[in-house]
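As a starting point, one isolated chain is supplied in structure tokens, in the form predicted on its own.
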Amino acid sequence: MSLVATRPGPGDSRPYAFPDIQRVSVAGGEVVAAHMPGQYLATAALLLDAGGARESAGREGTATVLAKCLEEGTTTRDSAAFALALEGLGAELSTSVDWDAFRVGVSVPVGLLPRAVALLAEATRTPRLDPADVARVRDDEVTALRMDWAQPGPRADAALRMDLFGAAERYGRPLHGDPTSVAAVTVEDVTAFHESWLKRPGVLLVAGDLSRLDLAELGAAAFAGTAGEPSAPAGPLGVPIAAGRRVLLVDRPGSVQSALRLGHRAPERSNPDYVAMTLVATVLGGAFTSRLNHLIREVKGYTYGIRADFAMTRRFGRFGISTSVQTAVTAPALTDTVGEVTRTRLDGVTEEELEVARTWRAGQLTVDMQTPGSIAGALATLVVHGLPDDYYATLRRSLLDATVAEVSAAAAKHLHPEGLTVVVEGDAAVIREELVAGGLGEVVDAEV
């Protein structure tokens, strides 16, 4: 047996084509479908305008509790019978809630999709919502949140979000709520949210071999018994940037490390600079080869990893950096991090860095979009953000064609190191003086 002495070189890149999209209006709703010829598996998902932004103040987490109740049976089947019906198709119900949408999906062999969509609609439109089940699901969620919030990080995330968006704005509070807000959710809150938002038709997303599917039939099953017009989406929130940087200190007595969160407001997802901004974040802190990871991890040894990104929704965006470091290096780690953001804004990116970012992002896009589930997720992005049907067909080319000048201009336009909110969750008694001496901004205690 002989070993290969020379590593094989890379092969020629293969072209990638996003599946053709078809749209059908039926029964008051719309079916948006992607054709994947020869694919044996198919995915269907109901996309509803019932995201976290629809929740009432003080009841954040209502949509998440409702999502987790959908597998607890329907008005015609108890939880065991509904589970057996799903298992009979080899299916599993998946739910997700983000700021913009409430999504319920299922993946099955393509020939079984009509039956799976019927079950999907049954769970979504007519859930049992037995008071005892709702209370149990809510209490389980509270327990999970309490365990999560006992760890470093969630309190820092909450402090950053509140500072950027304000306590009066829904976006200023955690997407899935906190232990207090979820504990306050009542059975009546859950049933009212369902009645208000999940009885509307919404959009049915389908990805699979459409030659074997009747989209009108699927839509009729998904939208049966629904009523109501889509709500007009509210406009973007704008991008206010603070006049000066400040440091919020979240006390965690005795902690041996500090959780660091830095951020400022950014444009919404539909902004035309999206591609350039994505590449800026990739160069700065979106990959293992990024500037921040090289400096803070590889050169200084302050952390195992550090990430930067632009998180964008339909109405707002947020530039953010997150990491954790040993308590003793909290101040220098922050100084170096802010310095790297400043350098990227002032000097832009290099061709060498951008080439790595371009090829990685384009390659990742191609690899990620191979399954019906991932294609359905891409369709959801098109619908939520009002993007054209040919968006993904051109996105890969847009990533590869981005120039140093375009990406550097986006860095200068969308990075605001002087307006960062810096959150430190750590042992205040140990790190406060160093943070004040570091001169990054006024140090303020944050209660979360």
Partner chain sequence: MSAQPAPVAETGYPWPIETARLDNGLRVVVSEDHTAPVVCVNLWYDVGSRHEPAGQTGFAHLFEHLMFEGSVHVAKTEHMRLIQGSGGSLNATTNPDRTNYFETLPVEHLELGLWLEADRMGGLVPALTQETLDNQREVVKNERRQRYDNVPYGDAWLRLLPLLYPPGHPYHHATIGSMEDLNAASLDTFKAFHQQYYAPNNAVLTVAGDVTPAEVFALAEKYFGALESVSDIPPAPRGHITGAATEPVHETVTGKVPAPRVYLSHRTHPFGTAGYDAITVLATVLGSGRGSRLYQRLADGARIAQPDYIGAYGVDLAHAPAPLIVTATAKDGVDAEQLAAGVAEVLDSMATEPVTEAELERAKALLTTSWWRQMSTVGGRADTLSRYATQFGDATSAAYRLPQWQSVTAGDILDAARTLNPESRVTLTYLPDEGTDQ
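Numbering follows the first chain given and starts at 1. Nothing here was measured: the structure is a model prediction, and the numbers come from that model.
From this point on, the text means the form predicted in complex with the partner chain, which you will not see here.
**Student:** Suppose contact means a heavy atom within 4.5 Å; in the model of the complex, does that hold for all of 109, 118 and 302 with the partner chain?
**Tutor:** The answer is yes; 109, 118 and 302 each reach the partner chain.
**Student:** Among 194-202, 88-96, 181-189, 232-240, which stretch has residues whose heavy atoms lie within 4.5 Å of the partner chain in the model of the complex?
**Tutor:** Contact criterion met by 88-96 only.
**Student:** Heavy atom within 4.5 Å of the partner chain in the model of the complex: which of 270, 350, 370, 342 fits that? Just give me the one.
**Tutor:** It is 370 that has a heavy atom within 4.5 Å of the partner.
**Student:** Between the options 169, 336, 140, 214, which residue brings a heavy atom to within 4.5 Å of the partner chain in the model of the complex?
**Tutor:** None of the others qualify; the residue that does is 140.
**Student:** Examine residue 126 and determine whether its closest non-hydrogen atom to the partner chain in the model of the complex is within 4.5 angstroms.
**Tutor:** No - in the model of the complex, heavy atoms of residue 126 and the partner chain never come within 4.5 Å of each other.
**Student:** Taking 4.5 angstroms as the cut-off for heavy atoms, does residue 41 touch the partner chain in the model of the complex?
**Tutor:** Yes - in the model of the complex, heavy atoms of residue 41 and the partner chain come within 4.5 Å of each other.
**Student:** Please determine whether residue 227 contacts the partner chain in the model of the complex, using a 4.5 Å cut-off between heavy atoms.
**Tutor:** Result no; residue 227 lies far from the partner chain in the model of the complex.
**Student:** Hey, in the model of the complex, is residue 311 touching the partner chain, heavy atoms inside 4.5 Å?
**Tutor:** The answer is no: residue 311 has no heavy atom within 4.5 Å of the partner chain.
**Student:** Judged by heavy atom distances of 4.5 Å or less, which residues of 60-89 approach the partner chain in the model of the complex?
**Tutor:** In sequence order, 68, 71, 72, 79, 80, 83, 84, 87, 88, 89 come within 4.5 Å of the partner.
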